[in-house]
Every structure is written in structure tokens, then in C-alpha cells.
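Quick heads-up: it's one chain on its own, the form predicted on its own, in C-alpha cells.
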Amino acid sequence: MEEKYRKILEDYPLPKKLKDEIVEELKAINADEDFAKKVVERCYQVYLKNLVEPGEAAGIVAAQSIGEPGTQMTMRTFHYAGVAEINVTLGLPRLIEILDVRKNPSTPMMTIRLLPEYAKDREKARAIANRIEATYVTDIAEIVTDLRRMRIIVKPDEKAMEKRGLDLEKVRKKIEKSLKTEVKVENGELVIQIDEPSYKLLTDSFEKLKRLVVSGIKEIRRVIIRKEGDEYVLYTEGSNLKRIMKEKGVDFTRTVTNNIYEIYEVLGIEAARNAVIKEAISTLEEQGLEVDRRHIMLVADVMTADGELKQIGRHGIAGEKQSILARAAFEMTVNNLLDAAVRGEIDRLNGITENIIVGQPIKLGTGDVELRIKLFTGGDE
């Protein structure tokens, strides 16, 4: 019967997902061929009624559909998924971040999933977490300045170093490379001698040493391991998708970051479009707001249509509108009008915003149609 149902559906230009749903429902009720034809015809009629009518202002409907629930959103950060240590920006600030395509979101984070042989074993998951978490010199040693002899002494903590898989020689080489100066080992301690008798040079070196990352990824400030179902998942504070995807044991096909610009740079424009949709929907749903995903998909399409990620703002989509009046109505009114006047630009008044500004009927619905009628005046005609 399934083949018969699909044969009936072949004549109807319906989306594949919808066809699959209809087939499943017909199978559930075990419909015969005649009844199936009636059901499919009815479904097609309802589908046509739900399509956007020609001349509909889809963009404005989408903007209203996202903007109105946006007024109900809270302004807050939140402890992520019951993990007290990681804060995540949610609500309106996060929605603004997504639509502005911020290169540096306020709380970047990653969800790193592991390959099967690592995901089941807590010790292996912990080893990956230690490998990627940024380890500063201050995490594994005490740093002391010896003012009298103009030198800095690094006193390592053996247990902390062992936990992070480091030894004295690795740390010594890392410090030498960073400070570009010789580091000596004396009684199990690292000694950095300052050549010039300069107090400023000593304090500068001390500050640089405190900020030095000896292992891990600089951007990953903290890693938390959580068990979800039967596998361990890593949550990170900070994000570096490119480096994480190269890490051994990481399942890069299921690893995600909330930094959309990073996804665009690493995986390309289609991945960025999906990320915009996913992040916007999850931000709205977290607040208990329901927006039809097609409105968000339209916004994401406009943001990515040119093959590069553009914000919705005067530096992106709104600033590239054809109409001068529409650009002026959004932001920077005087500048837009002045620039247009200097260049001698012409506004064709094709859009909605500009027609409202000048007080004309908008080109929408019945206003979109131009009809001319030749009246019969009598006589021989």
C-alpha cells in the first residue's frame, strides 16, 4: 500500500517531509486507494491555502513575529544546565548578539561530544578535558620575585603538574620561548634572571609570566564534564572550534559552539545559517516563547544570502536597502539624507516604509496591482 500512496502523491508538488507524514498517517488508518486520493487532495488544498499570497510583506510579518515576543524577554544571564560555574547569556541580550553577529559574544561556550571509545570512560574524558583546558603558570606553580637579586623564581607544585601531564622541562621550555630569556633549574625550581637592573622589566616579566598558558587552548578557560545518558560530554567556558576539532578523541561532527561567527569562519556559510536558526529558536524557546521557525529561517536566509554573514543593522542588511528613506527611517537619519543628496540618488518608492513616510498607498495587497480601464463613451465604437 505504501507504494500506492506514494504513486498518488507523485502528482502533487508537496514538500518531501509532508509527503512522508501523509504516507505514515494513511498507513496508520490503513486507507484504501479511493479514500487515500481524497485525503491527499484535501491535504493539497489546505497546503495551498497556507502558502504566502503573492504580494504579501513576508519580511515585515517575520519582523513583527520575532519583535513582539522579544518584548516579553528577560535581560539575564543564567547558570548553564544546572552547572553553577558556567554563566550563559540568555534572553534579549542573546537574541541581539545572534542578530548582530557579534565576533566576540559575551559568554562563548562549547558543547564537546567525544568518540565512543572516549565518551564511555570518565578517565579518558578527564584526560581530554585536562589537555584542552588552559593551564596558566599560576595553576601549577607559585611565582615569587627576588628583588635583591633581580630575579623571578617559579616554585612548581608536583601534584598539580602531574594532574595536567606536565613536567619541569616542558614548563621551562615554554617559559623560555615566551619570555625569550634563559631559564635555569635550581633545586627543582625555575629561576629567571633579569639581565638589566630595571624594576619595570622585572614587574613586566612577572605579569607576563602570570598570564602565560603552558598547556591547553588559551580561549578555553574552564572545562566541565557531565554525564548525559550513557556518555560523558564536555562543556567549556570559552570557544575555539578550529583547535577543538583537531583534538584526538573529539567527535567533531557533534561538537558545537554558540559563537556563530566562528562557525562561519571554520565551517562556512550554510553551517552559519543553521547556527543562526538553531540559536535563535533555542533562545526564544528557553523563555517559553513560540515563534514559527519559518520567520526565523527567513531572517537567517537574508543574513546569509550573499555568501557572507551580515548583521541586521546599519552595517549590514538595513544599511544596504535600496531606498534612501527606508535607510534614513532606521538609523543615522541626517547622514543618510545628506549622503543621498550629495550623490543625487533617486528613491523609486517601491517599498513599504518609504511609501508610508511620503503618505502614499503602500504597494501591498490591492495596492500592488495597477489597473487601467478604457471606458466606453458611446458612439460608433
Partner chain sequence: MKVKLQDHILVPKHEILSEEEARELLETLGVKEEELPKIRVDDPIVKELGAKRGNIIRIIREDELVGVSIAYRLVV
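Positions refer to the first chain, counted from 1. Only a predicted model underlies this, so the values are computations on that prediction, with no experimental measurement involved.
As for the form predicted in complex with its partner chain, it is not shown, yet the points below apply to it.
Screening Arg294, Lys163, Lys184, Lys177 for any heavy atom within 4.5 Å of its partner chain in the model of the complex leaves a single hit, Arg294. The partner is absent here; in the model of the complex, the one residue of Ile96, Leu289, Ile86, Leu267 having a heavy atom within 4.5 Å of its partner chain is Leu267.
Within 4.5 Å of its partner chain in the model of the complex, a heavy atom is found for not a single one of Ala31, Glu41 and Lys49. Only one segment in the set 199 to 207, 133 to 141, 294 to 302, 100 to 108 has residues whose heavy atoms sit within 4.5 Å of its partner chain in the model of the complex; it is 294 to 302. Thr71 falls outside the set of residues with a heavy atom inside 4.5 Å of its partner chain in the model of the complex. In the model of the complex, none of the heavy atoms of Gly229 sits within 4.5 Å of a heavy atom of its partner chain.
Not displayed here, its partner chain is approached by Met245 to within 4.5 Å at the level of heavy atoms in the model of the complex.
When contacts are judged by a 4.5 Å heavy atom cut-off, Lys17 counts as touching its partner chain in the model of the complex. Residues from 241 to 265 that approach its partner chain in the model of the complex with a non-hydrogen atom closer than or equal to 4.5 Å are Met245, Phe252, Thr253, Arg254, Thr255, Val256, Ile263, Tyr264, Glu265, in the order they occur in the chain.
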